[in-house]
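One chain comes next, on its own, written out as structure tokens in the form predicted alone.
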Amino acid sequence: MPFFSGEKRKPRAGFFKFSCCTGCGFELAYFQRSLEDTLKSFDFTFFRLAYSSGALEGPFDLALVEGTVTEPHQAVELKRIRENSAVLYAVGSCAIAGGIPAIKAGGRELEIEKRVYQKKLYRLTSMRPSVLSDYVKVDGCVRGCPPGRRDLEEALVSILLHRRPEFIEYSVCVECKLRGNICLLVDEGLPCMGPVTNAGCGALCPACHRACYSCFGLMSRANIPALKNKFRELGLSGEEIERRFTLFDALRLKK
């Protein structure tokens, strides 16, 4: 149960980041004005993007964590956050499946370091990327790059109501049907990742006549072989197909 159970106070929350673009934090702090009333129901005691100070040590009723673990000290900090948090949600594709930082997982770590860091001084702490669940128990995943309003709101409201969150668990294709979009894969022959991608974006790209590129990550029980076969029929090379499936899910697919 959360720390605030039985206490008449706002639940304490913390927002933490590891290796990422900070887009998830921006989405929550600056672009989700519809969540203002919900956010006011929390006491964010740590959120570096919004406040210059904060109590890193907690305790927290809710910890929202974005980013991929790419340095040893990050793994240590993540475990400390987990120990001091009643509920921990992974936020965004980087935290859940590796995201863009995990693209380097396909190469040799030392070779990549030499290409990126020209001076040896800076090649001291980098390590192969890992998702949060490799190190700690994750209580829920707020998918997206960046995450959508619906699941962000669900993550927060579930804490206020003392219940398990109900995150979206179906494909982007469902959202396309709800919006009345034509199927870009079948009707247009475009290499759309919608059939295997978890929904939550509102089919934003297909609605603009752009094929989904899976920024919300692969959904559970996705029929990956079937879509790869379809892409081959469309003329995509093996390398092109691999890039589409590993752009945001490089780590999850390698397990």
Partner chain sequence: MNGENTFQKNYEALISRELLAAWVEGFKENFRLIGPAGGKGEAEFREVFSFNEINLDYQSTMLPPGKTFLLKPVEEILSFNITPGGPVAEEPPLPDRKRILFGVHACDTHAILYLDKVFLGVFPDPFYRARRENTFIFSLNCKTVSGLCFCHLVGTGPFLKAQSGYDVLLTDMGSEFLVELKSVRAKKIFSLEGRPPEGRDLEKKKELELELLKNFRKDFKADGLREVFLSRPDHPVLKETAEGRCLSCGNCVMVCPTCFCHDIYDEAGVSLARIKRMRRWDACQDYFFAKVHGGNFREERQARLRQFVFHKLDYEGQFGVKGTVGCGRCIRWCPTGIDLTEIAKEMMK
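Every value quoted in this text rests on a predicted model; they were computed, and no experiment measured them. Numbering follows the first chain given and starts at 1.
Just so it is clear, the following notes concern the form predicted together with its partner chain, a form of the same protein that is not shown.
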Open item on the list: Would you classify residue 117 as touching its partner chain in the predicted complex, given a 4.5 Å non-hydrogen atom cut-off?
Closed with: no
Open item on the list: residue 161 versus its partner chain, in the predicted complex: is there a non-hydrogen atom within 4.5 Å?
Closed with: yes
Open item on the list: I'd like to check something about residue 53: if you look in the predicted complex, is any of its heavy atoms closer than or equal to 4.5 Å to a heavy atom of its partner chain?
Closed with: no
- [ ] May I ask you to check whether residue 183 falls inside a 4.5 Å heavy atom distance of its partner chain in the predicted complex?
- [x] yes
Task: Listed residue (134, 169, 109, 77) with a non-hydrogen atom within 4.5 angstroms of its partner chain in the predicted complex - done: 169
Open item on the list: For the three residues 191, 209 and 243, which mark the spot I'm curious about, does each lie within 4.5 Å of its partner chain in the predicted complex through at least one heavy atom?
Closed with: no
Open item on the list: At 4.5 Å between heavy atoms, only one of the stretches 45-53, 32-40, 200-208, 58-66 reaches its partner chain in the predicted complex; which one is it?
Closed with: 32-40
- [ ] Can you tell me which bits of 132-152 touch its partner chain in the predicted complex, meaning any heavy atom within 4.5 Å?
- [x] 150
